[in-house]
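Single chain ahead, by itself, as structure tokens, in the form predicted alone.
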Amino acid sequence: MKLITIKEAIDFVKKDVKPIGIEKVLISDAYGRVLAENLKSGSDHPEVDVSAVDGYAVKAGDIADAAEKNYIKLVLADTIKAGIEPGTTLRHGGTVLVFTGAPVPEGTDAVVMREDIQVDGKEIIFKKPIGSGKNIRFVGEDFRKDEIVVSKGTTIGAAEIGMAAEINRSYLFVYRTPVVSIIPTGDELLELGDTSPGRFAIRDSNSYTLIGLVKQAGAKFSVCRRLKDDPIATAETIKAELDRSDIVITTGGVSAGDYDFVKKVVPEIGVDVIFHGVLQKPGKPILFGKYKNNRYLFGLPGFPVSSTVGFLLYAYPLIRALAGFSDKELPRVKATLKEEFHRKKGKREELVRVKVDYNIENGFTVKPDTKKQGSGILTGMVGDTALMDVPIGVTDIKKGAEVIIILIKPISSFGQLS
């Protein structure tokens, strides 16, 4: 199969992808999910004028002439707590003690904070005037009846959960979270805790890296089934997982070796291979295919960095699209190169691991980790690392040049924000 560019591969992955479904969840379980409906209010909020402070409801005109040497006294007529219907109408010469969130009595122009008055028995002393409307939350100030208070497609955070409660919604309709199965392949793989056959085996780190990446993308990790180099078991396991998961990710078995069975068996089980091989470094032999009922397969290379980069470029945006997120791909930002970069060949687009610093004044600055670029060197991905995108045909980039980097962690992870 002909090698394609990274852009072409991403376009193939994203083509015709839609959210996979809608489910109903309690608002307490909705954090981080994507809203699949518009949330509409059933009434104005607040429904009546309420006090924004603990204080005294007044007619502003009654204390318009109040001053330090011209005290004005009003008679305390009532006290109103939050949640209690006012039992009185405010009249000239009177005032009512109201607490934060309490409805103000009819006729109120403003509320004077408690700390700005003095109490003299049943009389309240005012020493300064107040503007009309001060310290009152008016009907509909937050939102009006039938107003959309949270829009479909919003990623739900704490405030959105609070808003759902505000409009009396105990559940929400959200886009379903994709389920991902991970299948590492190879006789050489060694599970955690296993010390045999010792130094000739390869510790399975890919599974655990991918579990973390699946969670970062917003999907559910389903199962991790390690496979020996057996074509029959490989075919049966991949098919079984495709029948029960939205996405299956394999590692290893997609290159040109005699024991690379993944690439050989997936067409036999009904996977339509969309591409196999991308003009990228690392991760050239990556495979992507589609299965019936909108199921997907990624065959990632076995080297840890190749596997990680392949997931970030292709599986990450697919998961985000299936889950309904608007921000599908990892952010690409401009950065300044702190030292010269050189490579021997420019036949493939290269994702170079760079160490990142960030501050508000200078933005992103990056330095290639020249000794950590091997596709099997996972330490090159540890810490404040991003991927510098070096286009096909480019072999040299000068110090101080502007480059494009792909952020694989939140901005707050890099350097100082101030």
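We call the rigid core the largest set of C-alpha positions that still match within 1.5 Å between the two forms. Throughout, we count residues from 1 along the sequence that is shown. Keep in mind the model is a prediction, meaning the values are calculated, not measured.
Not pictured, yet referred to below: the form predicted together with ligand AMP.
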item: 202, 321, 72, 161 - the one with a heavy atom within 4.5 Å of ligand AMP in the predicted bound form; value: 202
item: Sole residue of 178, 105, 304, 282 within 4.5 Å of ligand AMP in the predicted bound form, by heavy atom; value: 304
item: In the predicted bound form, segment of 265-273, 237-245, 202-210, 152-160 with a heavy atom within 4.5 Å of ligand AMP; value: 202-210
item: Close approach of residue 188 to ligand AMP in the predicted bound form, 4.5 Å, heavy atom; value: yes
item: Contact test in the predicted bound form: residue 95 vs ligand AMP, heavy atoms, 4.5 Å; value: no
item: Heavy atom of residue 78 within 4.5 Å of ligand AMP in the predicted bound form; value: no
item: 4.5 angstroms heavy atom contact with ligand AMP in the predicted bound form for residue 135; value: no
item: Residues in 251-268 close to ligand AMP in the predicted bound form, defined by a heavy atom within 4.5 Å, in order; value: 251, 252, 253, 255, 260
item: Core superposition between this form and the one not shown, C-alpha change of residue 191 at least 2 Å; value: yes
